[in-house]
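Just the one chain here, laid out as C-alpha coordinates, in the form predicted on its own.
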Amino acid sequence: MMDDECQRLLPLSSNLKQRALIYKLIRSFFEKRDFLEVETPVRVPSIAPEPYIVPFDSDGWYLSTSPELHMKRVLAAGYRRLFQLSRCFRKGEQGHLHNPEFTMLEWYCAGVDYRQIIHHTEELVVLLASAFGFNTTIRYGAQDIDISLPWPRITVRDVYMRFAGWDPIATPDPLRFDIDMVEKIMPNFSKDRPTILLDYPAFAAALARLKPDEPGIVERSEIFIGGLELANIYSELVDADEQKKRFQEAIEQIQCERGKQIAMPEKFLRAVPFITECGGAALGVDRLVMLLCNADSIDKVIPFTADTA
(Lines give C-alpha, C1' and ligand atoms only; values in the text may rest on other atoms or scores of the structure.)
Protein backbone atom coordinates (compact mmCIF):
# COMPACT_ATOMS: atom_id res chain seq x y z
CA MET A 1 0.00 0.00 0.00
CA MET A 2 1.26 3.49 -0.89
CA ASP A 3 2.27 5.45 2.21
CA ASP A 4 0.80 8.87 3.08
CA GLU A 5 3.82 10.76 1.74
CA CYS A 6 3.54 9.14 -1.70
CA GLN A 7 -0.20 9.72 -1.75
CA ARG A 8 0.40 13.41 -1.03
CA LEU A 9 3.04 13.84 -3.75
CA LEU A 10 1.40 11.83 -6.51
CA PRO A 11 -1.26 14.44 -7.48
CA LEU A 12 1.50 17.05 -7.83
CA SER A 13 3.15 15.18 -10.71
CA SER A 14 1.66 17.28 -13.52
CA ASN A 15 2.40 20.61 -11.82
CA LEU A 16 5.96 19.60 -10.96
CA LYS A 17 6.59 18.69 -14.60
CA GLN A 18 5.15 22.06 -15.64
CA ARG A 19 7.35 23.76 -13.07
CA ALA A 20 10.45 22.13 -14.57
CA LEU A 21 9.36 23.35 -18.01
CA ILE A 22 8.90 26.89 -16.68
CA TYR A 23 12.47 26.88 -15.36
CA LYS A 24 13.73 25.72 -18.75
CA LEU A 25 11.76 28.41 -20.59
CA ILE A 26 12.87 31.16 -18.18
CA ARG A 27 16.50 30.26 -18.78
CA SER A 28 15.96 30.24 -22.54
CA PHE A 29 14.20 33.62 -22.42
CA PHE A 30 17.10 35.34 -20.67
CA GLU A 31 19.89 33.53 -22.50
CA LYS A 32 18.42 34.63 -25.85
CA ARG A 33 18.60 38.22 -24.56
CA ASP A 34 22.26 37.85 -23.60
CA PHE A 35 21.73 37.63 -19.84
CA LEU A 36 24.25 35.68 -17.77
CA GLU A 37 22.87 33.25 -15.20
CA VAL A 38 24.69 33.62 -11.88
CA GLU A 39 24.61 31.97 -8.47
CA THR A 40 25.10 33.95 -5.29
CA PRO A 41 25.38 32.77 -1.65
CA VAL A 42 22.38 31.41 0.21
CA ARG A 43 24.06 32.00 3.58
CA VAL A 44 25.24 35.61 3.84
CA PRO A 45 26.89 37.89 6.42
CA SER A 46 24.51 40.81 5.79
CA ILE A 47 21.18 41.51 4.11
CA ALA A 48 19.33 44.60 2.95
CA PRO A 49 17.72 45.95 6.15
CA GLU A 50 13.96 46.01 5.54
CA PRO A 51 11.56 46.50 8.47
CA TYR A 52 8.90 44.11 7.19
CA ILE A 53 11.18 41.26 6.12
CA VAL A 54 12.43 39.06 8.97
CA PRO A 55 15.48 36.89 8.18
CA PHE A 56 16.50 33.49 9.54
CA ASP A 57 19.72 33.60 11.58
CA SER A 58 22.53 31.18 10.72
CA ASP A 59 25.43 31.18 13.20
CA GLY A 60 25.66 34.97 13.21
CA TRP A 61 24.95 35.21 9.48
CA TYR A 62 21.60 34.98 7.68
CA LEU A 63 19.83 32.84 5.15
CA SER A 64 19.40 35.05 2.12
CA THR A 65 16.13 36.98 1.90
CA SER A 66 17.00 38.02 -1.68
CA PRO A 67 20.06 37.70 -3.97
CA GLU A 68 19.83 41.41 -4.81
CA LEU A 69 22.86 42.80 -2.99
CA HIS A 70 25.23 40.14 -4.28
CA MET A 71 23.88 40.39 -7.83
CA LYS A 72 24.46 44.13 -7.77
CA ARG A 73 28.03 43.55 -6.62
CA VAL A 74 28.46 41.46 -9.77
CA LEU A 75 26.97 44.35 -11.78
CA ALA A 76 29.54 46.65 -10.17
CA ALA A 77 32.29 44.43 -11.56
CA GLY A 78 31.15 45.31 -15.08
CA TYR A 79 28.60 42.63 -15.97
CA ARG A 80 25.60 44.29 -17.61
CA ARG A 81 22.85 41.63 -17.77
CA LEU A 82 22.30 39.08 -15.01
CA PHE A 83 19.55 36.71 -13.91
CA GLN A 84 19.17 34.13 -11.17
CA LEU A 85 16.66 31.56 -9.96
CA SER A 86 17.38 31.83 -6.26
CA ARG A 87 16.26 30.14 -3.06
CA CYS A 88 15.19 32.76 -0.51
CA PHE A 89 14.14 32.54 3.14
CA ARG A 90 11.87 34.81 5.19
CA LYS A 91 10.36 34.22 8.62
CA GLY A 92 6.65 34.45 9.24
CA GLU A 93 5.65 34.01 5.61
CA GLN A 94 3.45 30.94 5.45
CA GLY A 95 0.01 30.37 3.95
CA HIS A 96 -1.61 29.49 0.66
CA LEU A 97 0.54 32.13 -1.10
CA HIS A 98 3.67 31.95 1.08
CA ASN A 99 6.30 29.52 2.30
CA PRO A 100 9.30 30.49 4.46
CA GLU A 101 11.57 28.99 1.77
CA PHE A 102 10.66 30.02 -1.75
CA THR A 103 12.07 30.62 -5.22
CA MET A 104 12.72 34.07 -6.63
CA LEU A 105 13.63 35.03 -10.18
CA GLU A 106 15.68 38.22 -10.15
CA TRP A 107 17.24 40.00 -13.09
CA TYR A 108 19.17 43.23 -13.56
CA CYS A 109 19.96 45.08 -16.77
CA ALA A 110 22.33 48.03 -17.15
CA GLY A 111 21.30 51.03 -19.23
CA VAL A 112 17.54 50.63 -18.73
CA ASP A 113 14.96 51.76 -16.19
CA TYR A 114 11.83 50.23 -14.69
CA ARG A 115 9.85 50.76 -17.88
CA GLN A 116 12.04 48.38 -19.89
CA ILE A 117 11.99 45.82 -17.05
CA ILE A 118 8.18 45.95 -17.10
CA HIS A 119 8.35 45.06 -20.80
CA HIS A 120 10.63 42.10 -20.00
CA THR A 121 8.07 40.86 -17.48
CA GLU A 122 5.14 41.19 -19.88
CA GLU A 123 7.06 39.38 -22.61
CA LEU A 124 8.16 36.58 -20.27
CA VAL A 125 4.65 35.84 -18.99
CA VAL A 126 3.17 35.93 -22.51
CA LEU A 127 5.90 33.58 -23.77
CA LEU A 128 5.30 31.12 -20.94
CA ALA A 129 1.54 31.25 -21.44
CA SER A 130 2.02 30.51 -25.14
CA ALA A 131 4.20 27.50 -24.32
CA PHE A 132 1.36 26.22 -22.13
CA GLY A 133 -1.07 26.42 -25.03
CA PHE A 134 -2.74 29.72 -24.16
CA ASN A 135 -3.21 32.47 -26.74
CA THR A 136 -4.00 35.84 -25.19
CA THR A 137 -6.21 34.44 -22.43
CA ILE A 138 -5.28 32.33 -19.43
CA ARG A 139 -7.63 30.87 -16.86
CA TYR A 140 -6.94 31.24 -13.15
CA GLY A 141 -9.54 29.89 -10.78
CA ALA A 142 -12.87 30.56 -12.44
CA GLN A 143 -11.61 33.74 -14.13
CA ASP A 144 -10.44 34.22 -17.72
CA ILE A 145 -7.61 36.78 -17.83
CA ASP A 146 -6.70 38.67 -20.99
CA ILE A 147 -2.89 39.00 -21.10
CA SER A 148 -2.65 40.68 -24.50
CA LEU A 149 -0.04 43.44 -24.55
CA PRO A 150 0.36 46.08 -23.31
CA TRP A 151 -1.01 45.50 -19.82
CA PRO A 152 -2.97 48.30 -18.14
CA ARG A 153 -0.94 50.73 -16.04
CA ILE A 154 -2.07 52.98 -13.19
CA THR A 155 -0.10 55.12 -10.73
CA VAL A 156 -0.21 54.62 -6.98
CA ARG A 157 -1.46 58.18 -6.55
CA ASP A 158 -4.38 57.66 -8.96
CA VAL A 159 -5.47 54.30 -7.58
CA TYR A 160 -5.37 55.47 -3.94
CA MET A 161 -7.31 58.63 -4.78
CA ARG A 162 -9.90 56.54 -6.61
CA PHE A 163 -10.41 53.68 -4.14
CA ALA A 164 -9.05 54.90 -0.78
CA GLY A 165 -9.77 58.63 -1.00
CA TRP A 166 -6.31 59.97 -0.14
CA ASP A 167 -2.94 60.74 -1.73
CA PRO A 168 -0.06 58.74 -0.17
CA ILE A 169 2.49 60.89 -2.00
CA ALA A 170 1.27 64.17 -0.55
CA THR A 171 0.45 62.63 2.85
CA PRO A 172 2.92 59.82 3.58
CA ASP A 173 1.49 57.27 6.03
CA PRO A 174 3.18 53.83 5.73
CA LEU A 175 0.81 51.98 8.05
CA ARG A 176 -2.34 53.34 6.42
CA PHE A 177 -0.77 52.69 3.01
CA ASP A 178 -0.22 48.99 3.76
CA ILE A 179 -3.67 48.47 5.28
CA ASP A 180 -5.43 50.18 2.40
CA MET A 181 -3.40 48.23 -0.16
CA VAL A 182 -4.82 44.97 1.20
CA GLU A 183 -8.33 46.15 2.08
CA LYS A 184 -9.17 48.75 -0.58
CA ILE A 185 -6.72 48.71 -3.48
CA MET A 186 -5.99 45.11 -4.45
CA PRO A 187 -9.67 44.01 -4.24
CA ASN A 188 -10.49 46.67 -6.86
CA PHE A 189 -7.91 45.60 -9.44
CA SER A 190 -9.38 44.27 -12.67
CA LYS A 191 -10.03 40.55 -12.45
CA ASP A 192 -9.82 39.94 -16.19
CA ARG A 193 -6.61 41.90 -16.93
CA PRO A 194 -3.20 42.20 -15.26
CA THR A 195 -2.56 45.43 -13.34
CA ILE A 196 0.74 47.31 -13.41
CA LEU A 197 0.98 49.68 -10.45
CA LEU A 198 3.48 52.51 -10.98
CA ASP A 199 5.36 55.19 -9.03
CA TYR A 200 5.31 54.38 -5.34
CA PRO A 201 5.78 56.84 -2.46
CA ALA A 202 9.42 57.13 -1.43
CA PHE A 203 8.83 55.42 1.93
CA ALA A 204 7.76 52.22 0.12
CA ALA A 205 10.96 51.46 -1.80
CA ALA A 206 14.33 51.40 -0.04
CA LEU A 207 16.37 50.43 -3.11
CA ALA A 208 14.62 52.34 -5.91
CA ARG A 209 15.72 55.70 -7.29
CA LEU A 210 13.68 58.86 -6.94
CA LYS A 211 11.65 59.93 -9.96
CA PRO A 212 13.23 63.01 -11.56
CA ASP A 213 11.29 66.24 -10.91
CA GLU A 214 8.61 64.44 -8.86
CA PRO A 215 9.48 64.72 -5.15
CA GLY A 216 8.33 61.89 -2.94
CA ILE A 217 7.97 59.34 -5.76
CA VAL A 218 10.28 56.43 -6.59
CA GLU A 219 10.50 54.47 -9.84
CA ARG A 220 8.97 51.28 -8.50
CA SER A 221 6.31 49.11 -10.08
CA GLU A 222 4.42 46.02 -9.01
CA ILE A 223 2.55 43.61 -11.26
CA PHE A 224 -0.63 41.84 -10.15
CA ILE A 225 -2.42 39.07 -12.04
CA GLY A 226 -5.46 37.12 -10.89
CA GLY A 227 -5.16 38.44 -7.35
CA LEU A 228 -1.49 37.39 -7.16
CA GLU A 229 1.25 39.92 -6.44
CA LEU A 230 3.69 38.59 -9.02
CA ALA A 231 6.66 40.95 -9.55
CA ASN A 232 8.38 43.93 -7.97
CA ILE A 233 10.32 46.19 -10.35
CA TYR A 234 12.71 49.10 -9.76
CA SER A 235 14.87 51.64 -11.45
CA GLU A 236 17.74 50.83 -9.12
CA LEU A 237 19.19 53.36 -6.71
CA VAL A 238 22.90 53.86 -7.47
CA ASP A 239 23.63 56.75 -5.11
CA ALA A 240 25.73 55.30 -2.25
CA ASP A 241 25.10 58.18 0.16
CA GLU A 242 21.33 58.07 -0.34
CA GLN A 243 21.35 54.27 -0.08
CA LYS A 244 23.27 54.35 3.22
CA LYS A 245 20.85 56.96 4.58
CA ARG A 246 17.85 54.77 3.73
CA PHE A 247 19.50 51.67 5.20
CA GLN A 248 20.31 53.55 8.42
CA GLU A 249 16.67 54.61 8.77
CA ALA A 250 15.57 51.00 8.28
CA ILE A 251 18.13 49.70 10.79
CA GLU A 252 16.87 52.17 13.38
CA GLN A 253 13.25 51.18 12.73
CA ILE A 254 14.08 47.47 13.10
CA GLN A 255 15.93 48.16 16.35
CA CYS A 256 12.99 50.17 17.67
CA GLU A 257 10.23 47.78 16.61
CA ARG A 258 11.89 44.37 17.00
CA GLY A 259 14.84 45.05 19.28
CA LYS A 260 17.09 43.46 16.67
CA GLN A 261 20.39 44.88 15.46
CA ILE A 262 20.93 44.47 11.72
CA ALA A 263 24.41 45.16 10.35
CA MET A 264 24.97 47.74 7.64
CA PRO A 265 25.81 45.89 4.36
CA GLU A 266 29.14 47.66 3.92
CA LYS A 267 30.50 45.52 1.06
CA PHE A 268 27.42 46.33 -0.99
CA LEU A 269 27.66 50.04 -0.23
CA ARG A 270 31.29 50.07 -1.36
CA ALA A 271 30.17 48.57 -4.68
CA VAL A 272 27.30 50.99 -5.32
CA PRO A 273 29.40 53.79 -6.90
CA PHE A 274 30.53 51.32 -9.57
CA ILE A 275 27.02 50.26 -10.59
CA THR A 276 25.79 51.97 -13.73
CA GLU A 277 22.16 53.05 -14.00
CA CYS A 278 20.03 49.93 -14.32
CA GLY A 279 16.64 48.36 -13.81
CA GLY A 280 15.82 45.19 -11.93
CA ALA A 281 13.00 42.85 -10.99
CA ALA A 282 12.11 40.24 -8.40
CA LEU A 283 9.44 37.79 -9.53
CA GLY A 284 7.90 35.08 -7.34
CA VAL A 285 8.42 31.84 -9.24
CA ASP A 286 6.08 29.78 -7.06
CA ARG A 287 3.24 32.23 -7.76
CA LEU A 288 4.08 32.24 -11.47
CA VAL A 289 3.77 28.44 -11.47
CA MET A 290 0.49 28.71 -9.56
CA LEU A 291 -0.84 31.10 -12.21
CA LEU A 292 0.14 28.94 -15.19
CA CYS A 293 -0.99 25.69 -13.56
CA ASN A 294 -4.24 27.22 -12.23
CA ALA A 295 -3.32 26.20 -8.69
CA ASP A 296 -4.93 28.02 -5.78
CA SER A 297 -2.23 27.20 -3.21
CA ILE A 298 1.57 27.14 -3.14
CA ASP A 299 1.58 23.59 -1.73
CA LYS A 300 0.20 22.40 -5.08
CA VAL A 301 3.26 23.58 -7.02
CA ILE A 302 6.16 22.66 -4.69
CA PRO A 303 6.82 19.14 -3.36
CA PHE A 304 7.59 20.19 0.23
CA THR A 305 6.39 23.11 2.32
CA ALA A 306 7.44 24.04 5.85
CA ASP A 307 4.67 21.73 7.07
CA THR A 308 5.73 18.68 5.05
CA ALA A 309 9.53 18.95 4.82
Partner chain sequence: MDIADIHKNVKLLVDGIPYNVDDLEFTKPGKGRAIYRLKLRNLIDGNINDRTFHSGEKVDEAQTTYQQEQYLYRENDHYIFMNTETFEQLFVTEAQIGSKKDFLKEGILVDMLMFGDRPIDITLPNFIEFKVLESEISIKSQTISPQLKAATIETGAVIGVPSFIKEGDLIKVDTRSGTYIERINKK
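Numbering follows the first chain given and starts at 1. Computed from a predicted structure; not experimentally measured.
Here the subject shifts to the form predicted in complex with the partner chain, a form of this protein not shown in this document.
Taking the partner chain in the predicted bound form as the reference, which of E123, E229, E214, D144 has a non-hydrogen atom within 4.5 Å?
Residue within 4.5 Å of the partner: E229.
Of the residues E101, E222, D199, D113, which one places a heavy atom within 4.5 Å of the partner chain in the predicted bound form?
The residue from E101, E222, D199, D113 that makes the contact is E222.
Using a 4.5 Å heavy atom cut-off, indicate which stretch of 115 to 123, 81 to 89, 168 to 176, 149 to 157 touches the partner chain in the predicted bound form.
Careful reading of the contacts points to 168 to 176.
If you check in the predicted bound form, is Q94 within 4.5 Å of the partner chain, heavy atoms only?
Judged by the heavy-atom cut-off of 4.5 Å, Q94 is in contact with the partner chain in the predicted bound form.
Heavy atom to heavy atom, is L128 within 4.5 Å of the partner chain in the predicted bound form?
Judged by the heavy-atom cut-off of 4.5 Å, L128 is well away from the partner chain in the predicted bound form.
Indicate whether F274 is a 4.5 Å heavy atom neighbour of the partner chain in the predicted bound form.
Taking the distances in the predicted bound form, the answer for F274 is no, it never comes within 4.5 Å of the partner chain.
Looking in the predicted bound form, any heavy atom of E183 within 4.5 Å of the partner chain?
Result yes; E183 sits at the interface with the partner chain in the predicted bound form.
Residues from 44 to 60 in contact with the partner chain (non-hydrogen atom within 4.5 Å) in the predicted bound form
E50, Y52, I53 sit within 4.5 Å of the partner.
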